[in-house]
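Below you'll find only one chain, the form predicted on its own, shown as structure tokens.
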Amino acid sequence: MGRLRLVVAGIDDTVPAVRRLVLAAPQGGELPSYTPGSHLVLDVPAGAGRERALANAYSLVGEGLHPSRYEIAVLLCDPHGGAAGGSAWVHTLRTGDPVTAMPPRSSFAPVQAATRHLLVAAGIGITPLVSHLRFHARWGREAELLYLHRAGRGALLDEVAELTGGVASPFHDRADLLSRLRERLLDQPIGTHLYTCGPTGFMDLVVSEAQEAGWPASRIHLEHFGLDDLDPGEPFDVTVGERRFEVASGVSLLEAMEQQGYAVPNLCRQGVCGECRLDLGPATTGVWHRDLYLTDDDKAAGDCAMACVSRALPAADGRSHLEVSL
């Protein structure tokens, strides 16, 4: 499916620095459905301080079953520290403005076989978990939410109250949430799954507490946003044609190839748009997929990688290696 042509159908700036955006088809009608926890990748044009076009992913917070509109909530911030990023652009949009986007994709769906769902959010990390709450409310699944946010800066609080029957646990102090989290991690039925989204340090803390409480990794799920959340990884080698060179720790395959003079199509540089997909050859030792674009089948095949975020898996008998076919 190609890119979607949408228009801004509604704007809500009630919460300081958080813009809620409603997007619809220009002529109305149904939009592609999506699973809970999905994100929408918006095309951000160059200009106003942006040297090139971007593609940014934002979690969908509305109803995913036969939707007539898409809703996102975007915090005014830029992951690279500037004022011209995707979120700044979203905050300049006006009702009626055209927007293009890739169809919704999911990498953070609730596990349907779970007996219960424990959701832990911080700040704008509430967005994918509201989508989860809609799913649980529709199908009568057991779910509990712990939500940390600054006083007066909580996003989507009306939806959270409605979807949880007003029993969600809001926190304004990390220590208070941590104390409650430790209790809840030890008081869940077998088969409960944990989902967390928020700043990297917050998610690391939640995962650490869950591991300390004996939770297996298979029942802990995280939603990452952008390169700042990714491990720098170990160095590995890459072969392109007759040339072999190193990709250092903290340097992406895309950056290393650009340094070597290769022109790799790219847009988002965050693993969400699919523009920098590369075919891999048989000398590849294995791929560490960290993107939000490839399907599970794509990743299992091991014959492609996203240059902006993928790395080589460690090799058992030597240096890890990717063979790129251009």
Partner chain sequence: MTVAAHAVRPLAGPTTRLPWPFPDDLESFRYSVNVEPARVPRPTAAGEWGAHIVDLGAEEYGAMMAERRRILDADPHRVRILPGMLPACWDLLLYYLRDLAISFPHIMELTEDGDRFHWRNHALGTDQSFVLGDAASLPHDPMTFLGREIPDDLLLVKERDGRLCFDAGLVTFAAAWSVSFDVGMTMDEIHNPVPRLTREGITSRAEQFLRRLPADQVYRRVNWTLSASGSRKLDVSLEELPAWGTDIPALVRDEDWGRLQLRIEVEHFVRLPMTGAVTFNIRTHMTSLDEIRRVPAWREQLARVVLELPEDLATYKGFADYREPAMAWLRREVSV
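Numbering follows the first chain given and starts at 1. Between two forms, the rigid core is defined as the largest C-alpha subset superposing within 1.5 Å. Bear in mind the structure is a predicted one, so any value in this text is a computation, not a measurement.
Missing here is the form predicted in complex with its partner chain; even so, the following discussion is about that form.
Visitor: Answer yes if any heavy atom of Phe171 is within 4.5 Å of a heavy atom of its partner chain in the predicted complex; otherwise answer no.
Guide: No, Phe171 sits far enough from its partner chain in the predicted complex that none of its heavy atoms falls within 4.5 Å.
Visitor: Flag Thr35 as yes or no: does it have a non-hydrogen atom within 4.5 angstroms of any non-hydrogen atom of its partner chain in the predicted complex?
Guide: Close contact exists here: in the predicted complex, Thr35 approaches its partner chain to within 4.5 Å, heavy atoms only.
Visitor: Contact with its partner chain in the predicted complex for Asp43, defined as at least one heavy atom pair within 4.5 Å: yes or no?
Guide: Contact check for Asp43: no, nothing within 4.5 Å of its partner chain in the predicted complex.
Visitor: I'd like to know if Arg141 sits close to its partner chain in the predicted complex, meaning any non-hydrogen atom pair within 4.5 angstroms.
Guide: Yes, Arg141 lies within 4.5 Å of its partner chain in the predicted complex.
Visitor: To verify the annotation, which of these, Thr100, Thr95, Gln112, Ser179, has a non-hydrogen atom within 4.5 Å of its partner chain in the predicted complex?
Guide: Partner contact (heavy atom, 4.5 Å) among the options: Gln112.
Visitor: So if I measure heavy atom distances to its partner chain in the predicted complex, which of the stretches 150-158, 248-256, 234-242, 112-120 falls within 4.5 Å?
Guide: Going through the listed ranges, the match is 112-120.
Visitor: Using a 4.5 Å heavy atom cut-off, are Thr200, Tyr262 and Asp303 all in contact with its partner chain in the predicted complex?
Guide: The answer is no; none of Thr200, Tyr262 and Asp303 reaches its partner chain.
Visitor: Judged by heavy atom distances of 4.5 Å or less, which residues of 281-296 approach its partner chain in the predicted complex?
Guide: Heavy-atom contacts to its partner chain in the predicted complex: only Tyr293.
Visitor: Rigid core superposed, CA of Tyr58 - does it shift 2 Å or more between this form and the one not shown?
Guide: No, its C-alpha moves less than 2 Å.
Visitor: With both forms fitted on the core, check whether the Cα of Leu294 differs by 2 Å or more between this form and the one not shown.
Guide: Yes, the C-alpha moves 2 Å or more.
Visitor: After a rigid core superposition, would you say the CA of Cys304 moves by 2 angstroms or more between this form and the one not shown, or not?
Guide: Yes.
Visitor: Are Leu292 and Ser33 closer or farther apart at the Cα level in the predicted complex than shown, by 3 Å or more?
Guide: Leu292 and Ser33 sit farther apart in the predicted complex.
Visitor: Given that the shift is 3 Å or more, do the Cα atoms of Gln211 and Tyr293 end up closer or farther apart in the predicted complex than in this form?
Guide: Residues converge in the predicted complex, at least 3 Å closer.
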